[in-house]
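Coming up is one lone chain in structure tokens, specifically the form predicted alone.
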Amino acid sequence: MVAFDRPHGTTPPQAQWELPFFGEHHRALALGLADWAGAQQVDEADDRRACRDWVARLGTAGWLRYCVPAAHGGALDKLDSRALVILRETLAFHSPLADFAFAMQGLGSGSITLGGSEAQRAQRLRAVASGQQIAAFALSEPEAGSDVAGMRTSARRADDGSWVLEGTKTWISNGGLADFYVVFAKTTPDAGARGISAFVVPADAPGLDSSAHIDVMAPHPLATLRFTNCRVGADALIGSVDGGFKLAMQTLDIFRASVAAAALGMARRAFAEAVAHAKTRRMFGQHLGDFQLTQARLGEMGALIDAAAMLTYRAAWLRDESATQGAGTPAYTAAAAAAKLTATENAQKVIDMAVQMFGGRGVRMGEVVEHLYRDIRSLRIYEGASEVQLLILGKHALKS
């Protein structure tokens, strides 16, 4: 499997970047990225090798510079949610694995951007922006996914000031591939979420085993990490002791609207494939698109996409506008939850409709819509499952 080509001349739509949520620099970014992404051909048969390839290409072309601030090799003074949305939507339209490679660079280094020391930032961020180092974010555990307070991985300070990590992390994107991990561990065992700290752990740290790869329905590099007397230096701590939960939530807050954008990109590609198929597929002496049932289905798909797009762009705009108040302001948090929920759920519906429209071809391995059908499913789970987003929105409604 290679990154999606452009059958029937399908191209990512551009009209959405004219909306008032975006500025001229955003529109220039979208046009440049669309041209670049459309020219890439990456063999994705081996997801780990392909992910490395995508990181290298994205770094060389300068797109990863949007994952870090300008002070450390980035493209903009600070992380810009609208730029992240543009990048992820466009990349996901062409290749969900390219989007994955980009997103993990930002998510894996985000805590260092937000709370890292100058030495940590200098050591990691430029390397992330250039694609020379691959980052990973290690929060989930076998018994602690949405329930972060149930975390069991621990970190204790040794007599010489170093930290010793014990425990297991799982479902870790870029696991076994990353050059370093941002790992969250309990430093005050009985304090719940308030007792979590964050650490930078190099991939070659003694006592870290990342060899347990996880195979999933849409191939992505995932692994279980096991820490056994894993010792890191005193300078591995990111921010303050017991400040890790807030740091993790701030990092996820920045990137949550971009998850919606990735779903939006996949939905737009499925819609483009469905429209092209409806125009060319002949049956009963006419084209599939001539049937009113097909037209109604395409209309429904387009409406679902537009609804998700408005919520996604609004969330990104709100985050950028409220950055001076902090990314976790209630208005932004609720908007990001609504965007993530709606975009991922709507994309699942749109892609399912596209598969149905393709008939038998839709479930054949190698078809773009079949690939998308497998890729979209995980987006309704990771970085806050749909059920978690519903709870966020419900609590926000009760407080308003």
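In this text, all values refer to a predicted model and were calculated from it rather than measured experimentally. Residue positions are given as counts along the sequence shown, with the first one as 1.
Separately, the form predicted together with a small molecule exists; it is not shown, and the next lines address it.
Between the options Leu298, Met310, Ala75, Ala149, the residue in contact with the small molecule in the model of the complex by a heavy atom within 4.5 angstroms is Ala149. Just one of Arg231, Arg156, Arg126, Lys246 comes within 4.5 Å of the small molecule in the model of the complex, counting any heavy atom, and that one is Lys246. Residue contact with the small molecule in the model of the complex: Val201 places no heavy atom within 4.5 Å of it. At the 4.5 Å threshold, heavy atoms of Arg256 reach the small molecule in the model of the complex. Although the partner is absent here, Ala236 lies well away from the small molecule in the model of the complex, with no heavy atom inside 4.5 Å. In the model of the complex, the small molecule stays beyond 4.5 Å of every heavy atom belonging to Ala212. The three residues Leu19, Leu91 and Ala267 each lack any heavy atom within 4.5 Å of the small molecule in the model of the complex.
In short, of 161-169, 80-88, 248-256, 314-322 it is 248-256 that has heavy atoms within 4.5 Å of the small molecule in the model of the complex.
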